[in-house]
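We give structure tokens for two forms of one protein chain below, kept apart as structure 1 and structure 2.
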Structure 1
Amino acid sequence: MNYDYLIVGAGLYGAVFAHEATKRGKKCLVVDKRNHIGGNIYTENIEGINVHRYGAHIFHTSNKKVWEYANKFTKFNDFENNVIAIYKGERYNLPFNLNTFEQLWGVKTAEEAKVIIEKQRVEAGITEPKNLEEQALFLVGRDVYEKLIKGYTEKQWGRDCKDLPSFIIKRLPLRFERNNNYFNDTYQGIAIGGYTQMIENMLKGIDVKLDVDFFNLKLNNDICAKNIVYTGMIDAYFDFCYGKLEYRTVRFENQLLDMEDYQGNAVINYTEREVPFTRIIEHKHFEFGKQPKTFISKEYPSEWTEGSEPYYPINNEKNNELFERYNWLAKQEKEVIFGGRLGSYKYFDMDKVIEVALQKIVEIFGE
């Protein structure tokens, strides 16, 4: 046993845990089956543009402690996520705000918008929503639902909105002022120079091995640590003994274009069902880039199959019950910590990953 902790996964959770455990005098080895650190927040430099290889990651939090912690390892710019939605050639601001309502109905005041939304809610006649479609109609009325929610959501989840549980959109934020900032959080931005260097700084002085499959180590009885921090798929750890948890994955269609600007915005959503992708990311805009070329990614969600990347847990009743069975097994593994998005079968924003990793450190070592 050469190490105190074998940390499986060089993503954000694993990096925070490794950094904090090392600070406390523990010897850590971090392994990852990919050929790079950073997990899904990995950024690679292409033609001077920091490309978010696994989808856009915008750091946002209202937790001052987490913000200050992240800033120990990198600096952030003041990027705000002002999303544009396109529906059959019509352009709308997201999230839903007075600009959106003016684009939909020509209204100029919050009062006019509220009257229309309330009228459509009443016309829908829904009092106890039983699915996502009914929940959306109950909250925002038909126009917003039909143009800006229905098609995008069905592409994202691969299911008709009538077949999706209502809790996915338990509340839809409506703003009645002209504010296009997608997030309400106090602190927001993009890591200057990309997120990879943030993870590099967390892992300074820590042993890291890439292209290493944890299950091969396990099979060959080559676990060289007293304790394991496992951030992979929890069902895979137990050899899918109860069956496979379900995920959505994303296929990225990437293009390096010989032009300065493609769409003039970092994120544009395509909300009609007939357009096969959900959105186009133009990466240079995250850091206000002026490079002579640009790099775009079209996102095509689909069902997860073995060999693809599991992105979004499908937290419906069936999968949550299955996860609880695996979670019971996990609790019996006294020398294994299950963490991160895949180990917890829960989608986390970056700030929440840092928060729960630091909570686990305090739980183990104290303040």
Structure 2
Amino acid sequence: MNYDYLIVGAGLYGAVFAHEATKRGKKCLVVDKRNHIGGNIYTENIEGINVHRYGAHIFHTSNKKVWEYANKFTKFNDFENNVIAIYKGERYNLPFNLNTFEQLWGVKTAEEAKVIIEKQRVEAGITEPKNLEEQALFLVGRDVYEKLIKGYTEKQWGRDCKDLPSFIIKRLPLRFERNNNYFNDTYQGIAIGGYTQMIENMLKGIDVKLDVDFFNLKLNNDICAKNIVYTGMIDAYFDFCYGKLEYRTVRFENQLLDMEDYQGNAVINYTEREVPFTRIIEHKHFEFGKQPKTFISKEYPSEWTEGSEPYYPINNEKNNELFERYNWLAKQEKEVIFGGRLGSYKYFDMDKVIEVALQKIVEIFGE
């Protein structure tokens, strides 16, 4: 037993935990089965562009403590996420705001937009939304739902909007002024120089071993610490004994293009069902890059299968119930802490991951 903590997964949760435990005099070993640190916030420099290899990550939070914490490890720029949606060649601003409503209906004022939405809401006849479709119709009416939500969501989640939880759509702000900021949070930005560097700074001076599969360590009785922090898939930890939780994965079709600019914006969503990908990310725009080339990624979501990377837990009723069974088992493992998006089976953003990791530290070590 050479270490106090074996931390499985060099993503954000693992790195924050390792950093804080080390600061408190604990000896930590971080292992990751991939050949790099950072988990899914890993960025790789390609032709001078920090490419978000596992999808776009924009740091945003309203939690001052979390913002200050993250700023200890990286500087953030003042990037604001202004997403454009394309539906059958028509362009719309996201999130849903007066610009979107003008593009849809030609309205110029909040009052006019509210009248249309209210009419569509009444027509939909929903009073207590029970799923994503009902929530969307209730919130923004049929036009926005049909053009900007339905197709995108069904591609993203591979499920009918009626079979998805309503909280997913509540991630997006609804506004009646002209504000194209995708997030409502007080603080927002991109880690200058990439998130890999931020994680590197968290892990400074800490032992890290890459290409190490925790389950092989376990199999070979090679667990060299008294306590484990496990940030992988919770169902995998228990050998899928109750069955498999569902996840979505994303396949990226990447292209390095010999041009300065491809789409003039970091994120463009393609919201119609018929376009097979959900969005195109042009990475240089996250850091306002002026490189001679550009790198783009088309995102094709699909159901997770063994061997691919899990990205999104699918927090519907069925999976949440199954998760609760695994979570009960997890609570019996007194020497193991389960954390991160996969260990908690929660659709966490980066700020939430930091928040819960710091809470766990306080729980263990005190303030």
Ligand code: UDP
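The shown structure was predicted, so the numbers you read here are calculated from the model rather than taken from an experiment. Counting starts at 1 and follows the sequence of structure 1. Superpose the two forms; the largest set of C-alphas matching within 1.5 Å is the rigid core.
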(request) Structure 1 or 2, which would you say is the form predicted in complex with uridine-5'-diphosphate? (result) 2
(message) Superposed on the rigid core, does the Cα of Asp163 end up 2 angstroms or more away between structures 1 and 2?
(response) yes
(message) Following rigid core alignment, is the displacement of the Ile192 C-alpha between structures 1 and 2 equal to or greater than 2 angstroms?
(response) no
(message) Rigid core superposed, CA of Pro276 - does it shift 2 Å or more between structures 1 and 2?
(response) no
(request) Provide the displacement, in Å, of the CA of Glu134 between structures 1 and 2, taking the core as the superposition reference. (result) 2.9
